[in-house]
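Let's start with one chain on its own, the form predicted on its own, as structure tokens.
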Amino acid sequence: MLPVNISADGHLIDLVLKISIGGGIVIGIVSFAIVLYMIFKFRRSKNPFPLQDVPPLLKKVIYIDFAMIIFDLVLLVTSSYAWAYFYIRPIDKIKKEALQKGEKYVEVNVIGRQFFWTFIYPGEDGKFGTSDDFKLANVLVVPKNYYVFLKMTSGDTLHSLFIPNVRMKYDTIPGRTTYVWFKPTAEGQYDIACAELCGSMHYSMKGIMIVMEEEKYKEWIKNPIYNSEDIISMYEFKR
């Protein structure tokens, strides 16, 4: 079972997963059924001599190939659209579209290192490089129903920021900048992990994302609390 989706656009990823898993299961069941039928129907004890021709029923197996081609095309189109929607469009274009629709957004810089995440905030003024910038270790705090734009890099080796509940997973690469975005729609706390094997303590590279209501977030950003347990306690979050 998939984790609860709290992303406004996560249904696209879920659709790709459902098509690939569901289609694979159906094709697998049909294929194994045909193999078992052939093993039973044409076992040596009942057919000691080679058949002169393929039985008419088995000639129709070719239709499975046609079905698999159609399935592959549907999966290709769906997954390509989802990939382009999230990762191919320029991040500035997505921000512009959000503003045109009257949406709000926040930006956070992310650095992955062995074996923790650093989330850098622009502070209350919303601008990086000013005196109110601050950092959180392994805690990502974002407002509900805002677009969240993450600008990511790595301080040492490859990592991959993975937040299952927003259907987002993308690499952080040393010497390069990568971008991801999502729009959380449910208040609460959600797990963050590293999905790229990055060393002996890879398993411990965990974090937490806290989604707040807009007013709570504005209150927090003015006087940020840095510890996740304190944030959860103060704002009365529950799993």
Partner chain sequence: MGGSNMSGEHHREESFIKRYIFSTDHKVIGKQYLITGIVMAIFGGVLALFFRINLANPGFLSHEQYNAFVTLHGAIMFFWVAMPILLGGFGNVLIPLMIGARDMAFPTLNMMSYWTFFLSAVILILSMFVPGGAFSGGWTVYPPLSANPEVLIGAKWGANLFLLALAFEFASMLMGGVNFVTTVLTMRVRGLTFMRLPIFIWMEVIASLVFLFSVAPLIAGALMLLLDINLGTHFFRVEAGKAGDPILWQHLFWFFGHPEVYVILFPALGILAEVFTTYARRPIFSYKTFVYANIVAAILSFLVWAHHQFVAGINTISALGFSITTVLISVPFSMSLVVLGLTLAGGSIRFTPAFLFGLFAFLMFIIGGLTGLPLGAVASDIYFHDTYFVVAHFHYTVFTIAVLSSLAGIYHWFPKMFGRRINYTFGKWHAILTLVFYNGFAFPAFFLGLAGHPRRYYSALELGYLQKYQWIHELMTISTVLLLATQVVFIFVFFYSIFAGEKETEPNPWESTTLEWLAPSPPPHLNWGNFAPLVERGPYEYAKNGKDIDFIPQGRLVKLKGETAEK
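The term rigid core refers to the maximal set of C-alpha atoms that superpose within 1.5 Å between the two forms. Positions refer to the first chain, counted from 1. None of the values given here were measured: they were computed from a predicted structure.
Just so it is clear, the following notes concern the form predicted in complex with the partner chain, a form of the same protein that is not shown.
> Report the stretch among 96 to 104, 120 to 128, 133 to 141, 72 to 80 that approaches the partner chain in the predicted bound form to within 4.5 Å, counting heavy atoms only.
Every other range fails; the passing one is 72 to 80.
> Can you check whether residue 17 is within 4.5 Å of the partner chain in the predicted bound form, heavy atom basis?
Yes - in the predicted bound form, heavy atoms of residue 17 and the partner chain come within 4.5 Å of each other.
> Please tell me whether any heavy atom belonging to residue 186 falls inside 4.5 Å of a heavy atom of the partner chain, as the geometry stands in the predicted bound form.
No - in the predicted bound form, heavy atoms of residue 186 and the partner chain never come within 4.5 Å of each other.
> With the partner left out of view, is residue 116 within 4.5 angstroms of the partner chain in the predicted bound form by any non-hydrogen atom?
No - in the predicted bound form, heavy atoms of residue 116 and the partner chain never come within 4.5 Å of each other.
> Would you please decide whether residue 170 lies within 4.5 angstroms of the partner chain in the predicted bound form, comparing each non-hydrogen atom pair?
Answer yes; at least one heavy atom of residue 170 falls within 4.5 Å of the partner chain in the predicted bound form.
> Since the partner is left out here, which residues of 1 to 33 would have a heavy atom within 4.5 Å of the partner chain in the predicted bound form?
Sequence-ordered list: 1, 2, 3, 13, 16, 17, 20, 21, 24, 27, 28, 31, 32.
> Examine residue 200 after superposing the rigid core and state whether its CA is displaced by 2 Å or more between the shown form and the other one.
Stays below the 2 Å threshold, so no.
> Establish whether a shift of 2 Å or more occurs at the C-alpha of residue 175 between the shown form and the other one, with the two forms superposed on the rigid core.
Where the cores coincide, residue 175 shows only a C-alpha shift between the shown form and the other one that is less than 2 Å.
> So with the core overlaid, does the Cα of residue 60 end up 2 Å or more away between the shown form and the other one?
No, residue 60 moves less than 2 Å.
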